[in-house]
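First, one chain by itself: the form predicted on its own, in structure tokens.
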């Protein structure tokens, strides 16, 4: 366990890496703090959706207007990556990825989770934990494999030997590097942002960290956009395949 900046008099400047609050579910040990904050994030999204749709107006106002803007934003992400013909079935998946990651990242930046004490570990953004980001990346991998198999069947494997069978090892390696890059990029950026803010709060605890915190909010939003955009790009690649892309360019 690594511990950084653990100062009793400054609870907001305390950040511990590698210490977790565990739940024992039968023979399975899970990270309790990740589940707690993930459920809070999911509850926020569900409540916001219910409030926005309980009394739909022709001219949207308030939270309905905000949620319609969010819907249009994620729809544009999916449509730009998958095209007009293919994006609709994948809009819920890509939109859910973006909204969950976005709210998770901002919850870590805006909510003082460290004020809530646990027997061990501490509450933080779910995306601060490598287990969460790996799980999200594996979901993306399953999604683009499913997309390719559903459209092409066993013909999906043809992409591994195009344009030449010599590239087979590289094509297989690419399937391993995609989830790795997705998970470590998101985890590394969120963890690094929290570490930087914690260091600055320790050194200059008043106004100096505020610009960095605002930059962290911007970075958190960009990470959600990057993750969902890459998810759409990978699904599009599985749907189109190297052969069809080559024909389009020709």
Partner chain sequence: MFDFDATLPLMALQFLVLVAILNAVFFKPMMKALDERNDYIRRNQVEAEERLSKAENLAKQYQAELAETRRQSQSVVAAAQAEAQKIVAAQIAEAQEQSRLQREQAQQELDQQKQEAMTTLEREVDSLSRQILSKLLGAPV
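Numbering follows the first chain given and starts at 1. The shown structure was predicted, so the numbers you read here are calculated from the model rather than taken from an experiment.
One more form of this protein exists, namely the form predicted in complex with its partner chain; it is left out here, but the text below deals with it.
**Message:** Suppose contact means a heavy atom within 4.5 Å; in the predicted complex, does that hold for all of 24, 77 and 220 with its partner chain?
**Reply:** No, none of 24, 77 and 220 comes within 4.5 Å of its partner chain in the predicted complex.
**Item:** Interface membership of residue 191, its partner chain in the predicted complex, 4.5 Å heavy atom rule
**Value:** Although its partner chain is absent here, residue 191 would touch it in the predicted complex, with heavy atoms inside 4.5 Å.
**Request:** Using the partner position in the predicted complex, report whether residue 87 sits within 4.5 Å of its partner chain, counting heavy atoms only.
**Result:** Residue 87: contacts its partner chain in the predicted complex.
**Asked** Though only this chain appears here, would residue 144 touch its partner chain in the predicted complex if you measure heavy atom gaps against 4.5 Å?
**Response** Close contact is absent here: in the predicted complex, residue 144 is far from its partner chain, nothing within 4.5 Å, heavy atoms only.
**Request:** Answer with yes or no whether residue 136 is in contact with its partner chain in the predicted complex, where contact means some heavy atom within 4.5 Å.
**Result:** Taking the distances in the predicted complex, the answer for residue 136 is yes, it comes within 4.5 Å of its partner chain.
**Asked** Using a 4.5 Å cut on heavy atoms, which of 42, 215, 225, 199 is close to its partner chain in the predicted complex?
**Response** The residue from 42, 215, 225, 199 that makes the contact is 42.
**Request:** Any residue of 39-70 with a heavy atom within 4.5 Å of its partner chain in the predicted complex counts; write them all down in order.
**Result:** 39, 42, 45, 46, 49, 50, 52, 53, 56, 57, 58, 60, 64, 67, 68 sit within 4.5 Å of the partner.
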